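In structure tokens, the next block holds one chain alone, the form predicted on its own.
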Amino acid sequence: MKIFKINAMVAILSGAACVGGQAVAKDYKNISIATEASYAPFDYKDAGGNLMGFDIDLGKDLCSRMKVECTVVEQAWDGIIPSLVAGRYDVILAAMDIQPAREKIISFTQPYIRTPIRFIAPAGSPLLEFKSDLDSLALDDVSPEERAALDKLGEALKGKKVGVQVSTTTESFMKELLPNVELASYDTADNMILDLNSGRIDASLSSLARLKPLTEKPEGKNLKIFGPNMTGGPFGKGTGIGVRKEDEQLREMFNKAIAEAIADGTMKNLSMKWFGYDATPLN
């Protein structure tokens, strides 16, 4: 029977077993999955304390396809990669972007979704009057026109405080491409939105897959999305599942399951359910 257990208190040790000093390949009948549990609609807790969200549903589907028993481990974001490397769990399924700095430490599956990054501010904010000369910025190789658009964005944010979650691609983007804008870093996205609603910060930025559903909920009803759709560069190649570099067999198992979920429309259905639009990668 295929089982997907959710237990925030359990962390299963992973990696190769050793017999007589020799490494033996793992059969992967049991896989432990780390998630953050505070980044709706990807992963969060409902009123009863149950883990919910896109990544939770996706994990159930992928584990079923791979015919393995999976256990979800709750992990704070700032320690999620070090704990993977240390062997506390097998994979990270937590809305993690495939980004070069992370790829130096761990490996990733193919992207399972791709979603642009946008800014958000309270209704009535002068920032909502900002109009970018470009609707989309692909930041892998910033053109003079894109640099000019970023400079215009930086000028609009001058004197404002922008919230970012610590150790994220949005934090990297702000420090790398808008270094003169004042930042406020948060341990969780939920705390960032609390401060945005209370006026302690002027704006924040996150993936459209998070922001669009947020604006349709009570805690986001006074918030509006603005600015260009931004992809690539500091934001990486899309959202993937993180694995240790030595666990190539496990990575390929997930790649196969992800490809199947994309091909049969499951990824589209899940993204429509949780984000309100199709975030399936185009290639």
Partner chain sequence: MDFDAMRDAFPKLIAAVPTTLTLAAVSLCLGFGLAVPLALMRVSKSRLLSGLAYAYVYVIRSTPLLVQMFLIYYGSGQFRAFFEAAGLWVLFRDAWFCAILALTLSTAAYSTEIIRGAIQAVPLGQVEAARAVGMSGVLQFRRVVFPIAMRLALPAYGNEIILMVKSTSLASTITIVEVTGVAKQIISNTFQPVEVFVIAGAIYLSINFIVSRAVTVTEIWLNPHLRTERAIRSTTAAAIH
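Residue numbers count along the first chain shown, from 1. Computed from a predicted model, the values in this text were never measured in an experiment.
There is also a form predicted together with its partner chain; it is not shown, and the following applies to it.
Taken together, the three residues Thr215, Leu223 and Tyr277 all stay farther than 4.5 Å from its partner chain in the model of the complex, as judged by their closest heavy atom. Of the candidate stretches 123 to 131, 140 to 148, 159 to 167, 204 to 212, only 159 to 167 has residues with heavy atoms within 4.5 Å of its partner chain in the model of the complex. Residue contact with its partner chain in the model of the complex: Ser136 places no heavy atom within 4.5 Å of it. Within this chain, Asn180 is remote from the site of its partner chain in the model of the complex, having no heavy atom within 4.5 Å. In the model of the complex, at least one heavy atom of Tyr186 sits within 4.5 Å of its partner chain. When its partner chain is considered in the model of the complex, Glu74 lies well away from it, no heavy atom lying within 4.5 Å. Of the residues in 196 to 216, those that come within 4.5 Å of its partner chain in the model of the complex through at least one heavy atom are, in sequence order, Asn197, Ser198, Gly199, Arg200, Asp202.
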